[in-house]
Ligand code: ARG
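What follows is a single chain, given as structure tokens, in the form predicted alone.
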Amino acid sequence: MRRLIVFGLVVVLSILSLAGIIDEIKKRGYIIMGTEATFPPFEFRDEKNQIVGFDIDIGKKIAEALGVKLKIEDMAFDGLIPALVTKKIDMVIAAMTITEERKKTVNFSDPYFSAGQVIVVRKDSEPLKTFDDLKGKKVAVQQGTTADLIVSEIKGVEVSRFQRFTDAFLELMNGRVDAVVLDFAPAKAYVAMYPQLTISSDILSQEEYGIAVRKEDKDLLEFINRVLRDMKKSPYDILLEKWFKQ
């Protein structure tokens, strides 16, 4: 009988633990989203210094569905997963590519955006069209991103890593690096802001973005997936038009 009581207690505690994060979020009245706000059109600061973007609107939809407010923590990209694991934030929405390495530490939602890497150079420099063309070149990337992982594996490349892409592009415009590698959508946004730059390659990889949550927060993961599925019935297309229109 004692074993049955203990077993029953374990089951009850497990159920309570499963429901814990959503209950905690609702009790405090807000959900904390971690992001890195230099990646337009996904997350960036507008002229009023407010963090806006495609990912921010998705975060707002999740908060709205939970009946709570959205609190945004802007931090270095390579600090997002550590902040999630140590419970400083509840989820990461930051144009984060789903990778097997990251999945060892966190769980990802269903993919919500398909992306790929491109090469950006100065218009007055030689065009670099493939990853092989980067050999012997100085290349800037944002630390901890997919671009960092890809470029780091190319032999003969001198990699300059920055906490923010804005610094990587400053290096390029000042002639201290030959190229920047990053995802196509933000590359397009940066090139529109800085006409002296150009995207010199086709999209060179295929990736998918996901929302990261802690391994134990299975109820939150399922809730987020339901929100994403519901969004794709209509609001998702509206957001795509809003942030990715020509």
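For every residue, the number given is its place in the sequence shown, counted from 1. None of the values given here were measured: they were computed from a predicted structure.
Note that the form predicted together with the named molecule isn't included here; everything after this is about it.
The named molecule in the predicted complex comes within 4.5 Å of a heavy atom belonging to A95. In the predicted complex, E207 approaches the named molecule with a heavy atom inside 4.5 Å. Among residues of the shown chain, R102 is one whose heavy atoms approach the named molecule to within 4.5 Å in the predicted complex. Under a 4.5 angstroms non-hydrogen atom cutoff, the named molecule in the predicted complex lacks F54 among its neighbouring residues. Stretch 138-146 is the answer when you ask which of 81-89, 125-133, 138-146, 171-179 has residues with heavy atoms within 4.5 Å of the named molecule in the predicted complex.
Of all the residues from 58-79, the single one having a non-hydrogen atom no more than 4.5 Å from the named molecule in the predicted complex is F77.
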